[in-house]
Structure formats: C-alpha cells, structure tokens
Ligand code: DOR
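Take a look at this single chain, the form predicted alone, given in structure tokens.
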C-alpha cells in the first residue's frame, strides 16, 4: 500500500492509549499507526507533528446549524467552517429549523443542503413527532432522532411546532415506533408543567430578568430536569429503545443515569460546553443572556465533571446554538423574549484540552468523550478512531500554545463568543477529513460541499 500522508513524531491518542508515533494514511483512510520513523521513504506528504497531539477528529452530535430558516444567525457553511477550526470533523444538525425537520421530505431537503454546503462531514437528527415518518427517515441514513420535552412560552423559537413534545403518551408512542430501527432517541429533558408554574410566579412579580430565568430552570435543585429524566428512563426501559439524554447537568439525574446503566439500559448521556465551562452564577450575573443556556450551580457542575470522567456521561457535545447580539440584548430586560443558547463549536475542544492541562481529566478520556464514544454510540464505524480502514479524520493540537479567545476570530456568522477574553492553553493547528486538510495554520481551507454524510455502519452501542 502506498502511503499518501504521514503525520509523524506526534503523541497519538486513541481508544485509551497514548504513544509517540507516526500516523499513516492512504486513500483517505487510516493505513496504520507505527513507531516514530516508520513512515515509508516514498510517502507522498509528511506532516511534522513533533510536540503536538494527534487525535481522531471530534464528532459533535448536537449542533444547531440554523439552516434552513434562520440563516441570519448561522448557515451550514459558516457553522461547518467554525467546526473545522475547532477540530470537529463530523456534525449532527438539529431539527428546530424553518420548516422543522419532521418529515421524510424535509429531511431529504436538509441533507441536500448539507451535501452542497458543508465543509465537514455531517448527519442530521430529525424530529420524531410523526410515527408514520420514522421508518422512512431511517432509510435516508440518519444516526438518531431528536425531540424536545418543551414548548416555548410566548415565542416560536428555538423550539418551533413539531419539535416539542411533553405529553407522556405521545413520548411512549414515539419510543415504541423508534425502537425497531435500533437508532438512538435523543431527548432534551424538561418538565413543562413545573416550568410553567415556576416561571409564572416570577412573571406575576414583574421579574423577567436573566437571574429570574436562570433560577426558574434550576428551581428546587433541578427538579425540572430530574423529573423529566426519570420519565424518560422508565419509558426507555419499558420499550427497550436506545435513549440519548442531552444536557446532563444535575447530580440527581446523573445518579439516575448511572443506576440505569448498571441495570443494563441502553442509555447514553452528554455534557455541553456551557455546563462544563460556563453557566456559573457569576456568568449569569455578568454575561446575562450571553451565558444562557442555563445556570449550573457549583455542586451540579462538579457532579457533571465527575460523571464525564468516570464514564457515566459518555460524551461532550457543543450544543452550538448561535443567536445574534440583537436577539440576546433584549434578554437584559426580558429574558423570556431572548433566544436562549450559546455558540460553542469552535472552542469546546480547545477548552477541553485546557482542562486536560489543568488536571481535570486525562487526554485519553478526552479523546473518548469527543471521538471514540460518539462514533461507537451512534454506529459510525468509519469514524472516530485510528483503526486501519477508518476514515482519516484527524485533529492536530498544540497542547502548550497559550492564546486568548476573541470575538474577532469567531467564524460563526454571529461574530461573538461568551468566551471572549478567556486565555487558555491548547490550540487546534490542523484538521483533516478523509486525509484532506479542511483547516490549516489558522485558515479554513476546506470548500463547501466537501463534507459527506456520515451514515451508521455498525450497530449503535448506547452507553453499555
């Protein structure tokens, strides 16, 4: 086999192991991992990665591209460019679009948009709200379904009609319908009735501030999350449907997930950048709408980190959720009128590398939660590792480079990040997909349309 490309002299990290060596690539796939100096003399191109980390490209299964319908915030090209700069090689888009992805027809249209516009590889999680659409969606090569246990109060976004569901009977029906496909059901947990009661008390008092919004979602030590996750786990157990829980962020729900795994349930969970690196009370009071997403009290943040390290939480996904400054600014006076969510796809991996440097987790565990586990849990047998024959999706990182995040460097269309001014150690130097550069030396070099659909090729292995 002729080796087209060798990445030499770096610290190669994959599947719980770390060693110095050469990563060999041929015809866009991994040819092997050899000892330092093992690259053949006739190798086509050699990348010197001495002093750098060489890891499988990050797979981010929770990304809001905003296209179609909300392209003033973001589109597939700008989102995928930010992904490439952040060392992310595969993204899964979310269905809260306009029109929302609720049918086979709208799913096909969205996949066509990715094929024309994405710099990185992709898939899309359609909303599982119509039972008669489920089988047809699976035939289009999706890797998961998505639903929100929430409906927006007094606004149509970010959870448009068709993407929200909090009736337990409807949820049970969808779990039953999805189970035969073998694909994971990704659910945003939320107890709408409790949320309605608590938020209306703040409204009655005339308080619609960011602090009031944050307290509402964290009320009674996270009861909105805990009750919803309890329901989801029980329905998943009853239907034997694989369940993926997004936004793991409370100690009680994490313990429920841990116990469910011990009972053998096919359940997985994710943490997001705003839980790990944002979401403190200081963030809420100083950044206000720019930090919301949610308030994550310190003891819950500590529990989330512990669960991410010990394997109870399987992966770290960005929940990249860009909104314009205008859509955020209104939140200072009425947070319920602001669009909630925070951008993160460009900076989550560097922030995790910084956390490794600070001793919060090992580099081997970081690669597990960003690459190995997402590929395994969502059945992407061609992604997420350096096993020979797997797509050569590679991220090269300088773990010692200290730098400061700025709004000026943001590639997302919105042009801002809640991490502006934060100095971290660890930066993405190069991102390759199928052996081709998409990001190199500070510049996105991949072209729109280079990305391909990452279809499941193996049976998903949710969390067990």
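Numbering follows the first chain given and starts at 1. A quick note: this is a predicted structure, and the numbers were derived from the prediction, not measured.
Beyond what is shown, the protein has a form predicted in complex with the ligand; the following relates to that form.
The partner is absent here, but in the model of the complex a heavy atom of 64, alone among 434, 52, 64, 427, sits within 4.5 Å of the ligand.
Contact annotation: of the candidates 292, 76, 82, 241, the single residue with a non-hydrogen atom within 4.5 angstroms of the ligand in the model of the complex is 292. Proximity of residue 323 to the ligand in the model of the complex: non-hydrogen atoms within 4.5 Å are present. By the criterion of a heavy atom within 4.5 Å, residue 341 is counted among the residues contacting the ligand in the model of the complex.
With a 4.5 Å cutoff on heavy atoms, residue 96 counts as touching the ligand in the model of the complex.
In the model of the complex, residue 148 approaches the ligand with a heavy atom inside 4.5 Å.
None of 315 to 323, 191 to 199, 283 to 291, 296 to 304 except one has non-hydrogen atoms within 4.5 angstroms of the ligand in the model of the complex; the exception is 315 to 323.
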